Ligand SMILES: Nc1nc2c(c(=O)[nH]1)N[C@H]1C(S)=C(S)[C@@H](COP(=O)(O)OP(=O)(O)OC[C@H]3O[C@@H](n4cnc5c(=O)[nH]c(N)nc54)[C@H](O)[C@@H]3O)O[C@H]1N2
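Shown next as structure tokens: one chain only, the form predicted alone.
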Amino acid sequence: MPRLSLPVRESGWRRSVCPYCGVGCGLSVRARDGVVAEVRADRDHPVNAGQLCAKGALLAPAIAAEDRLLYPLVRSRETGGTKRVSWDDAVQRVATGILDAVAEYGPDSVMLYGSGQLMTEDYYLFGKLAKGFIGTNNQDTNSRLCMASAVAAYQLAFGEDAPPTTYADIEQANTFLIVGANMEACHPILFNRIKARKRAGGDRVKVIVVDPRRTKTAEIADIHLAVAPGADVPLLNGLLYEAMLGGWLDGKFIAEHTEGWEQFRSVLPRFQAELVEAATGTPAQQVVDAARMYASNGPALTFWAMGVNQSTSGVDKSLAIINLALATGNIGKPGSGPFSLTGQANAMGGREAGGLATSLPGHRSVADPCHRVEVEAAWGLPPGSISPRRGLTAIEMVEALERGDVRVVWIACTNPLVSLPNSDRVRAALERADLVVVQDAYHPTETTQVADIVLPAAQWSEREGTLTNSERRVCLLERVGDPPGEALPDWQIVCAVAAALGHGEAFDYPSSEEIFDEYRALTRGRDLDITGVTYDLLRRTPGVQWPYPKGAEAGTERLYTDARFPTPSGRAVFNVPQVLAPADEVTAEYPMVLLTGRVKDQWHTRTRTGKVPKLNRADPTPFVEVHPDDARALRVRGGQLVRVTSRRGAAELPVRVTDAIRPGTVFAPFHWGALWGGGSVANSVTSEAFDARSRQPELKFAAVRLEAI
């Protein structure tokens, strides 16, 4: 296959966006000899205005790492060895594997699994190929692990997956409620903006943090609610009940712009402060004080992230947050609203482009016959081509591999053998597949090691494309340098495989811009209409917030300012969140609770950040945080190895003794896989149980025991 490439534009600084978290910080980037050499913050970008965290500032050395994947490889299952092959050979092997599986087992024997690190154009083409031309809705991404519960909650409450807020609300909020989000570590630039607002506003500005750990985020809080793991719904309902008793609700907004209030209100007396204390371990007076602070201190902005979403009741927890905002009228106004923080740079873009197992481009659903017809027409397919069945999600993919229902898995831009829960089970499931294809910028990773075919992908700065950050801002990443070796942009790899499958005419794009133009046409008339957005516009601006329909002169900063919602009634909906116990039961055999999460200077499975010495200094090895009381009971000291064992597996980790965590609870970061962590993987311990509505796994609660080694 001939190398597909585009010329690099004239030399000098290029505008880009950081590829790590969903904040979407603007960058200025410059290459030398075709390789990124300098990265600095874009002073004119509205998101970060010249600020940058260490991960973003140190992108250049991660790009030039020695383990960049340069050529297509195939692996022998007999010997485990790999050999280099041509692109034509590799693409034909992928296409043959897909065609053989479809012929023998049907289109649902194929699964495509992607990442919130992909560009919107890549997401769109993966979905077009899977759902439109292979004929399966088995397309999901690691964003399922990130924000699926928040998506479901937005849809239930507002009618669409449309976050109503904007980062500019930070400078106008008087109260911040941060739930299950360690923003200092995971979204540091936004955290800096909150600190700046707190300094500028003095005593008027208040911060409430809900977290079992006393993180650096919690250290700036006026009230830290150290809730027991899994008990968020009782606590949040308790805040709302106490706000109601105090007379701090917005009765006019509730009456005129919502529905379902009376049914929800009827359950609130179960959440008196004293009862909440018994259920959550949070002192009753703290609940009352936090309720007063949130509801009576002017506009309140709520942030939440994986500490809420990664739960078997993640949707209920997200709904409880939204209910609190609705009941106090904190929506559609400057400085207020429920704001779900995405964990990856383009998790939002994937949602918009139809990158999940239930969705189609433009916030459409595979279950809606009208939506299917609209997309079929746009793709030139006969009616009935797109299946009405929901596709497999991330955890269901593993289960389907075990049953033999899925025979071919194509993984792009992610490392599920480290990021998915119960990693030993994931490995065994992938080894059952007839064909595993992994498309990545690095090799080896834990997942490329089990792949039959490894495809070298260009990454950030080496290709052009768009992404959408957490505030609905669509930005363009300009191409700065050249992909190394024979690496190609992800969209070009998809087009090559599509052509080998016989669909070349439908995937004949000269550049990513034509893909974007096709995609944006599918947003016409939708809630996220971006028909007015072009590459040319994005080259001239630091991004625009959707909706931005054709003819618009500016993006839309915040939604629902007219208190009209895209529901059948035009009203926002109160939903009654259920109080559900975590799936893993704490017992005498497994008496402690393991939480997992991130550290500030590492990213996901360390395929990039693990190669930067400066980023490894703060946390050079994995660890487990243990409260001093538990350390004494276990007779362990700081630095000593312990075995953390759950019903699924075990990991051996050095102890960090700290009173910043609740007794009976331990914390371990998930970044270190088998290649980095000496064979111990935190996610070999975690639970694959998932929320019934969002199908997001419960990575934030695993019953474990600790034993000194």
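Treat the numbers as computed from the prediction; the structure is a model and nothing was measured. Just count from 1 along the sequence shown to find any residue number.
The same protein also has a form predicted together with this ligand, omitted here; what follows describes it.
- Judged against this ligand in the predicted bound form with a 4.5 angstroms heavy atom cut-off, the residues T215, N415 and H671 are in contact without exception.
- Put simply, A284 is far from this ligand in the predicted bound form: not one heavy atom of it is within 4.5 Å.
- When contacts are judged by a 4.5 Å heavy atom cut-off, H187 counts as touching this ligand in the predicted bound form.
- Under a 4.5 angstroms non-hydrogen atom cutoff, this ligand in the predicted bound form has D490 among its neighbouring residues.
- In the predicted bound form, D211 approaches this ligand with a heavy atom inside 4.5 Å.
- The partner is absent here, but in the predicted bound form a heavy atom of Q344, alone among N237, Q344, T523, T258, sits within 4.5 Å of this ligand.
- T605 is the sole member of T605, S359, T468, T328 with a non-hydrogen atom within 4.5 Å of this ligand in the predicted bound form.
- Screening 203 to 211, 500 to 508, 272 to 280, 514 to 522 for residues having heavy atoms within 4.5 Å of this ligand in the predicted bound form returns a single hit, 203 to 211.
- Of all the residues from 684 to 709, those having a non-hydrogen atom no more than 4.5 Å from this ligand in the predicted bound form are T686, L699, K700.
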